[in-house]
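Shown next as structure tokens: one chain only, the form predicted alone.
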């Protein structure tokens, strides 16, 4: 019988908070059970194992991030939408480093297809429509933006920019200006 007070949703939320505290890679069912002062077996009515817990945290983080991104870009277009979208990713990475790592977890194809990751791609493509990119360039641009947003947030949260000038905020602003300029002037032919 499931322990009173435990639910899958409560465990996933607590797992996400734990990921932000100790790092997503260190989250296990055992560590989460210690937080609730219960035996690990008490969790197995709600999650199968540590891998299932991590998958659920990943799905939670993807959904949470997609909701924030959708709110941020609503009614915006062009560079304004790009900056709002990028800032959501950066802020999420700073405020929730464990969840941000969880959102990048590799999911099996079926789980990924049913996740909020699809919404992320749809929002990115909606922003890119304002730049008149067609396939395959739109896919290249989606990958570029994801790499920049996640990469910058990861490096910044690890302190990678804290020991040199200029300030990382200034660099972020310049990067977004450069991305906007690149997207407006996307090369038409690949470089040989």
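In this text, rigid core is short for the largest set of C-alphas that superpose within 1.5 Å between two forms. No experiment lies behind these values; they were computed from the predicted model shown. Positions refer to the first chain, counted from 1.
The same protein also has a form predicted in complex with a further copy of the same chain, omitted here; what follows describes it.
- Proximity of residue 36 to a further copy of the same chain in the predicted complex falls outside the 4.5 Å heavy atom cutoff.
- Shown alone here, residue 155 lies within 4.5 Å of a further copy of the same chain in the predicted complex, counting heavy atoms only.
- The closest non-hydrogen atom of residue 31 lies beyond 4.5 Å of a further copy of the same chain in the predicted complex.
- Contact between residue 9 and a further copy of the same chain in the predicted complex is not found at the 4.5 Å heavy atom cutoff.
- Contact with a further copy of the same chain in the predicted complex, judged as any non-hydrogen atom within 4.5 angstroms, is confined among 53 to 61, 137 to 145, 39 to 47, 66 to 74 to 137 to 145.
- Of the residues in 147 to 169, those that come within 4.5 Å of a further copy of the same chain in the predicted complex through at least one heavy atom are, in sequence order, 147, 148, 150, 151, 152, 154, 155, 157, 158, 161, 164, 165, 166, 167, 168.
- Once both forms are fitted on their core, a CA shift of 2 Å or more is seen for residue 161 between this form and the one not shown.
- When the rigid core is held fixed, the Cα atom of residue 60 travels less than 2 angstroms between this form and the one not shown.
- Comparing the forms between this form and the one not shown, the C-alpha position of residue 39 differs by less than 2 angstroms, with the core used for superposition.
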